[in-house]
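First, one chain by itself in structure tokens, the form predicted alone.
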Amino acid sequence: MEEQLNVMLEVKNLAVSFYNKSGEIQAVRDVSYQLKKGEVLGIVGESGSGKSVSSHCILRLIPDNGKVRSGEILFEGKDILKMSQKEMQNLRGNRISMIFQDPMTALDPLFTVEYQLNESLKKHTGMGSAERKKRMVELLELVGINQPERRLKQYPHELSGGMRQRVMIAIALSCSPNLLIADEPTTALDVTIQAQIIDLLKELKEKLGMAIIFITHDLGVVSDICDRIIVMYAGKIVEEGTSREIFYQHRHPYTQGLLESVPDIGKDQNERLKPIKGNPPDMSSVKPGCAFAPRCREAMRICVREEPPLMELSEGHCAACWGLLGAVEK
């Protein structure tokens, strides 16, 4: 009972499809997970795996041609999918915030940093003009931006990529959210700035006590920030576990493939990376069996006939692979 009270977000059997002239594209297929208060959850997978769509649903930000076919998204016990538009407006940017993928497109180039920071404060707080100005300076200092008064007057194109990303984080934190969704916040940045942004998020998480959903295609990025990691492929969860279990006790071939694709400075420089051969499946025509089977080195005949269920390997660690069946039965 105590553990259930500690759950901030619960996604149950979520299925999302997009519709175009070609028909239905099944972006998310029966996804379920929980997020506890103060926890950092990583969602990892290739482009098209459904990780961003499943998280955008939390704020009901899917495009008009998208539809939630089934499922529930419970935030502090209330189903987000059943909330009114007014309730969602109060939730977005206030109690749940998002850092979007590309700060150059997420920030409006026609408005100053001050104008864009001021928007959410004006909407969600009762602060006066002077109080909001003070809060904006505090936020820029919090995310490590120097000369904050000067930066407020600047436009996005006058800032470096790392600074723009820090401004995006400041906007997301402006109303002290309970949950922060970081959608590939380091993708457009170089390695040094990536490390700085990760360290900043870790520091802010400890300081503010918020929960974070960290979305990325790179397992190397989430290695030391996430408490738990979900690996998604073709709209489904194929493995879930603690950060240690995913990195050192992983059991799904796709997770293994993602890890082998990450450069390791400790390896022989002449050793080649091992990419995952083939391409992700076309989700407009979902075939029977395991979606990863055509790319899997360990595929068996049953893999192309039947879809494997998520099998529990230990408490909190599960994977969907027929190759595990023998190990589980033992």
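Not measured: the values here are computed from a predicted model. Note that residue numbering follows the sequence shown and begins at 1.
Missing here is the form predicted in complex with a small molecule; even so, the following discussion is about that form.
> Would the small molecule be touched by all three of 108, 114 and 154 in the model of the complex, meaning a heavy atom each within 4.5 Å?
Negative, none of the three is within 4.5 Å.
> Which of these residues, 227, 184, 72, 119, gets a heavy atom within 4.5 Å of the small molecule in the model of the complex?
Contact with the small molecule in the model of the complex is made by 184 alone.
> Within 4.5 Å, heavy atoms only, which of 25, 15, 310, 313 is in contact with the small molecule in the model of the complex?
Of the candidates 25, 15, 310, 313, 25 is the one lying within 4.5 Å of the small molecule in the model of the complex.
> Please pick out the stretch from 301-309, 34-42, 285-293, 49-57 that is in contact with the small molecule in the model of the complex, where contact means heavy atoms within 4.5 Å.
In the other structure, the partner sits against 49-57.
> Does residue 279 make contact with the small molecule in the model of the complex, using a 4.5 Å heavy atom cut-off?
Judged by the heavy-atom cut-off of 4.5 Å, residue 279 is well away from the small molecule in the model of the complex.
> So in the model of the complex, does residue 63 come within 4.5 Å of the small molecule, heavy atom to heavy atom?
Contact check for residue 63: yes, within 4.5 Å of the small molecule in the model of the complex.
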